[in-house]
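Shown here is one chain on its own, the form predicted on its own, set out as structure tokens.
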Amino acid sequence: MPPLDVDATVMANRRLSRDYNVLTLSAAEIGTRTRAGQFVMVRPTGMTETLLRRPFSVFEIVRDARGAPIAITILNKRAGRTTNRLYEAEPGDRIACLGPLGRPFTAVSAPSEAWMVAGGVGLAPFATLAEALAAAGTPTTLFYGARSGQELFHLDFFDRLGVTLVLATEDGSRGERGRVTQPLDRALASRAPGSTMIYACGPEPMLAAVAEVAGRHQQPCEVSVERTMGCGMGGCYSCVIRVRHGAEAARFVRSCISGPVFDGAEIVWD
């Protein structure tokens, strides 16, 4: 099914800090079609500084009292022109929104467990995934890392879904001091091979480390990569990534259409 191109209205802008915000967009049709791990390409209407849209994982699917999708949200960190405009957006502003795009996560069911590993804004695809796993009755844990405790967001959302939280911060201000892969590695040591599906999203060095840990403990692993995307539909080849399936030669694929979710063991990380 082709993606939808929606001229969405900003319904709300919740600023979480000086750099992070959650933007609610009136894109009910996109929300209805979205599966956990898919993304949208967005651009503020009337923005002349750039012609390109930016990719964002669908963070939440907002529903009415009957459970029908009425909007989607995106988790934004301002770092450049487009992300600054998205941070400063006000209700009533218009955002061009194309989606849903990309390959989603594979949600597992019990008796398998699901362990999500998020670094920074890599939290974005896990709100929708956590809801899907909760609906399936899958025991779920979130390993969530950031530079400081002030950059750990939406913990109450995951807590309400019954997700077990394991936190790590680089400065030790909340949870364990250090990288989130450290408690992940320790916890996997007691798990039977193949018993736990690991999902990861965040900076690529973190994804490579998670894939290595998962492989060493013989656990399946899906990672959502964060590549620069110009179009989101495979036309510009700006988001290529090297993969290898089994003994075949490594090849480049476009992460916007072959991903952004990949088997972590198939990506050529070096």
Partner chain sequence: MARDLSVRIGSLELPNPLIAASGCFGYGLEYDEVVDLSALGGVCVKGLFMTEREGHPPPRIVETPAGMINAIGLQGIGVHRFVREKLPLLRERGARVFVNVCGTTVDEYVEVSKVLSQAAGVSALELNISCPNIKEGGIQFGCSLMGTSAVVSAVRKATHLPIIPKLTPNVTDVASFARAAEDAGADAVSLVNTFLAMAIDVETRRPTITNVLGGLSGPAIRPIAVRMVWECAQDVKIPIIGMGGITNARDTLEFLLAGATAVQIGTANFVDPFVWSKVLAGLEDYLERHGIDRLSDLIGAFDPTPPTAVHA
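Positions refer to the first chain, counted from 1. Because the structure is predicted, anything quoted here is derived from the model rather than measured.
Keep in mind that the form predicted in complex with the partner chain is missing from the display, and what follows is about it.
- Distance criterion of 4.5 Å from any heavy atom to the partner chain in the model of the complex singles out Leu98 from the list Val163, Leu98, Ala89, Ala127.
- Residues of just one listed stretch (45-53, 209-217, 66-74, 23-31) have heavy atoms within 4.5 Å of the partner chain in the model of the complex: 45-53.
- Interface residue remark: Arg244 is not counted as part of the site for the partner chain in the model of the complex, having no heavy atom within 4.5 Å.
- Looking at Cys231, you'd find a heavy atom of it within 4.5 angstroms of the partner chain in the model of the complex.
- At least one heavy atom of Ile257 is located within 4.5 Å of the partner chain in the model of the complex.
- Contact check for Glu222: no non-hydrogen atom falls within 4.5 Å of the partner chain in the model of the complex.
- Candidate site formed by Pro203, Glu226 and Tyr237: every one of these residues places a non-hydrogen atom within 4.5 angstroms of the partner chain in the model of the complex.
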